[in-house]
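The form predicted alone is given below as one chain in structure tokens.
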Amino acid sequence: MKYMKERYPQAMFLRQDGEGGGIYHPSVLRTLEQITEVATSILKDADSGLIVFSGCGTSGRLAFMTARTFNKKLESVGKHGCFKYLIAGKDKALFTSQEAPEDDPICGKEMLQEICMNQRKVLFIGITCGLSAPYVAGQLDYCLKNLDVFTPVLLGFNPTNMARNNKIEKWNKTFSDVVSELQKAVSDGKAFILNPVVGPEPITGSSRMKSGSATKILLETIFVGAYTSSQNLTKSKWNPQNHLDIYRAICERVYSVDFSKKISHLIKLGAECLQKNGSIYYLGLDSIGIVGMIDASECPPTYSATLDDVRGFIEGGYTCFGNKEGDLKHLGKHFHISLEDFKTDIAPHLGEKDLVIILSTEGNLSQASFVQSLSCHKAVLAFKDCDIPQEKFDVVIRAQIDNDINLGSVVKDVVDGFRNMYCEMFTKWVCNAVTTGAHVMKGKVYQNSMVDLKVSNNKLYYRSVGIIQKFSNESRDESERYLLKSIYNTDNLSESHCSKTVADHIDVATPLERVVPRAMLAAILKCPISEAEKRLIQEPVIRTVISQTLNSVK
């Protein structure tokens, strides 16, 4: 908790210099205002255009959540919902990783074309935290070729000179090429790049955390401003800095001493459950429940967790969830998301190795009476005064947005209208802390690197090579060879192996377990893959076996 506390409130909201700057940098605030103006013009006549959010993995899930939030706001005042979301892999990717579409710029372009057919005005926001996703690159490229219809926005958290320059298979451009073209459109006032520097992630490469939080904050700042202006809720000009101050206050409150102690207890409970091969379950209401579901969906690709290690359920199931494709239960048990599904499928099998966390904005906590009778660890995160029998729960966290947090100078009507949104942010930080901390304690992280990640897309393939190189001190080419040896379970790579494309390697690697740890150990020891596998069997805690191995070769 101490490590995360030092890096979240302070680093995330610092006014950094350099390209882009921090989220409070004057150039960033100016860009926020300019995008807000474009969005406002569409919202004043919601039938005249679309606002489209798009991304892969966490970015795509936040695209869905943002579109859901603001469509509900428009519909609540009798207006047409003009927000749309796109996610690589379609709605299946809202719950499980669908990596192959993330590497497909043509798929991205075609999905954007379909959703924007016959539209005359589209604000498109492509979210890719590392300026790297081919899926989003294809969409931005299409927008740039059709600037009479599209105003493209690139949202990410790297300087533009760090945009990925790796070849994108079956395409004639890199992401860096697209960024260069986008910069020309920015200089002509026809596009925007929003890329504040928010500092390094607590876990290297885990963009679900700081970058994911910054994505949510920036999108909501833009569209609270646009909604407020289009509805004439305030006479003064929208000030994005005041709205950012709310999130800063929430962040500092989450990591304050009194809440930190309770969250630390929750992390410890979660770790104990995962170490015993138990599970963590989020049960939630409305959008707070969706935050828990998103947190759960991020664990398999980040920590090579199983789909059963962390799961989320929501009251009302798909009716409340509100995704484009509707009920997906036919896809299998991991797409059963209602509280009734939890009661039927999960509750009868719970034991002391499991943890259930209730997430609620309501005062009555309708799930509490049911959960308190379960034979497992139990916790509550609630945002209203609740009559909670504290002795029935291991951890109870009560957070009242009005009383606990200084909401600054933002108009009260605005704050009241988006209260759930601020509760979501609080919940995201708590959930991220729980699952990150639990997986760290389980041994899935070594020196802030995700050493048991899935090699399941282009980005994770090259990240895996970098991790192997970092700890083995081998060249990048040799580190990649060790990765391939682990993927194909051989010490003698054939010409056939080496001639395959990265996409071919990923297809083979995606279903495999412990690919990266096995490659790391082989590279450090200069040993056969079979010897590395033997060590992992003897010591299943990956952090421990890597540490022991590195110490033995010093």
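This is a predicted model, so every value here is computed, not measured. For every residue, the number given is its place in the sequence shown, counted from 1.
Keep in mind the form predicted together with a small molecule is missing from the figure; the text below concerns it.
- Taking the partner from the other structure, the small molecule in the predicted complex has no heavy atom within 4.5 Å of any heavy atom of Asp104.
- In the predicted complex, at least one heavy atom of Thr58 sits within 4.5 Å of the small molecule.
- Contact check for Glu99: a non-hydrogen atom falls within 4.5 Å of the small molecule in the predicted complex.
- By the criterion of a heavy atom within 4.5 Å, Val395 is excluded from the residues contacting the small molecule in the predicted complex.
- Checked against the small molecule in the predicted complex, the residues Ala88, Val380, Cys129, Leu266 give one hit for a heavy atom within 4.5 Å, which is Cys129.
- This chain lacks the partner; the member of Leu339, Ala249, Leu460, Leu374 within 4.5 angstroms of the small molecule in the predicted complex by a non-hydrogen atom is Leu460.
- Partner contacts here mean any heavy atom within 4.5 Å of the small molecule in the predicted complex, and among 326 to 334, 351 to 359, 130 to 138, 70 to 78 they occur only in 130 to 138.
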